[in-house]
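This document starts with one chain, in the form predicted alone, laid out as C-alpha cells.
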C-alpha cells in the first residue's frame, strides 16, 4: 500500500490550546485513594501523595486536570473536603455506591496539581446544589478579600488564593443516572444563574456548560440549543463526552470510530454557530471535549463490587494494543479540530479507565499512555491541515474510511511533527510525506505489536512500548501502527 501526506505551512487549522491534552481525576474507585494519594505508601510525600505517580503524570505533561467529577460532583458538598482532616465527615457517595472519606478535597488537590505541574479544571455541583454554593466555592478558591469564604481558606492554612481559572457548570445533567437529573430547560436556567454569580465573584474565570452526555442521547442537539440560547452570554465553552469500545470484537469498525468523533465535534460546533447567528453575537463559544477514552473492558467486573466499599477497584479497564491505536486516531481528530476544541480531558488519569496504574509494589503504564504522551509532548504549536491520499475501505456502517489518518503540527522551534496511524490490519504502507523545502526527518517513533490484544501489566510493563526508528530515507509504516515523525529545519 502507498500513501502520501502533503503538509503546507500556509494551510493553518489553528493555534493549538495546550489544554487539549488535559485529563481527569474523579472521586471514583482508586483514582484518588490508592492512586494519587496513599499516605502509607513508601513513596508518599509530606501530604500523602505518591511520588511515583507524580513522576509519571509529569512525564505525560498534562496541562489541566478536571476535578472532582464526573457523576460524583452532583452529590458533593465541597466544604467536606476542607480544613482539619480529623474532623472531615465520611459520606455515602450515591453516584458510585461507595464511601467517601473526604481526606482529599480541594485543599489537597490544588496542591497536588502544583506538584504535578498542572492546573485544576474545577467542577461545581449543580445537582443537589446550585448558584449559591458555586459562587461560595469560587470565593474560597480565588479571592483575596476580607470575606467569609476567603477567610475560611486562610483559616485552613492557605493565605494565597488558588487561582483556578476554568470551571465546569455541573456534569452530564441530561443523564437519568445523574443525581438530580434535569431537563434541558431546567439545567439551562440553573447553569445560567450559577454562571452569572460565579463571574460576578471572579470575572476572570472561564466556564464550561454541560452539553449532551454523549451523541446518542435522545435529546442530543436540542439540549445544546436550549442550553446555548439561555447561557450564551455567560459561558465560554460547551462540553462533549463520548466513550468508545469494541464489545463485538470488530477491529476494523473499532479503529474507524474517530470518524464518529469528528462528526460529533463538527455537529456541536455548527449548533454553537447557529445560536451565535440567532443572537447576532460576536462571541464564539468553543468546545470542551472533557470526557473521552476507551471504556468497555471492565463493565462486567464492576457489577460484582459490593456496595459501600472504600476505594474499590472500579472501571479498571486493562487496555490492549488496538485500544492504543484507537486513542491515537482520537488524538489526531482532536488536533485536526483544534480550531473549535480548545480543551479535552482523557478520562481518567490514574487507575480508573486510565493510562497509569498503581499497586502497592509500584506503577505501570498502559498501552494508551504512549500515544497520549507523544501527542502531549510533540503536538504543541500550530495545527496544519494535512492532505492525505491513500486507499480506503468500508468498516461496518462507515464507508470509505481511509487506511491512513494523520495530523501535522508546526512546533515552537520551527519543526513539524506528523502523527499517523495505519488502520490497515494487513498492509504496511510506503508513506511519502511532502513538506515545504528545508526540512529533514530527525526522529521517528513507532508503537507496534503483532498481537492486537497485547497488554501491559505490573509483571510485564514493557510488553507494548514505542520503539525509536532510525531515519534511513525509507518511510514505511507498519500495518496497524501508531507513528510519530519529527522533521527539523535544515
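No experiment lies behind these values; they were computed from the predicted model shown. Residue numbers count along the first chain shown, from 1.
In what follows, reference is made to the form predicted together with a small molecule, a form of this protein that is not presented.
This chain is drawn without the small molecule; in the model of the complex, the residue among 403, 129, 241, 374 with a heavy atom within 4.5 Å of it is 241.
Of the residues 315, 357, 191, 344, just one reaches the small molecule in the model of the complex with a heavy atom at 4.5 Å or closer; this is 315. For the three residues 28, 172 and 177, a heavy atom within 4.5 Å of the small molecule turns up in the model of the complex in every case. Remark: of stretches 458-466, 64-72, 434-442, 46-54, the one touching the small molecule in the model of the complex is 64-72 (heavy atom within 4.5 Å). Among residues of the shown chain, residue 24 is one whose heavy atoms approach the small molecule to within 4.5 Å in the model of the complex.
Contact between residue 96 and the small molecule in the model of the complex is found at the 4.5 Å heavy atom cutoff. Using a 4.5 angstroms limit between non-hydrogen atoms, residue 138 is distant from the small molecule in the model of the complex.
The small molecule in the model of the complex comes within 4.5 Å of a heavy atom belonging to residue 295.
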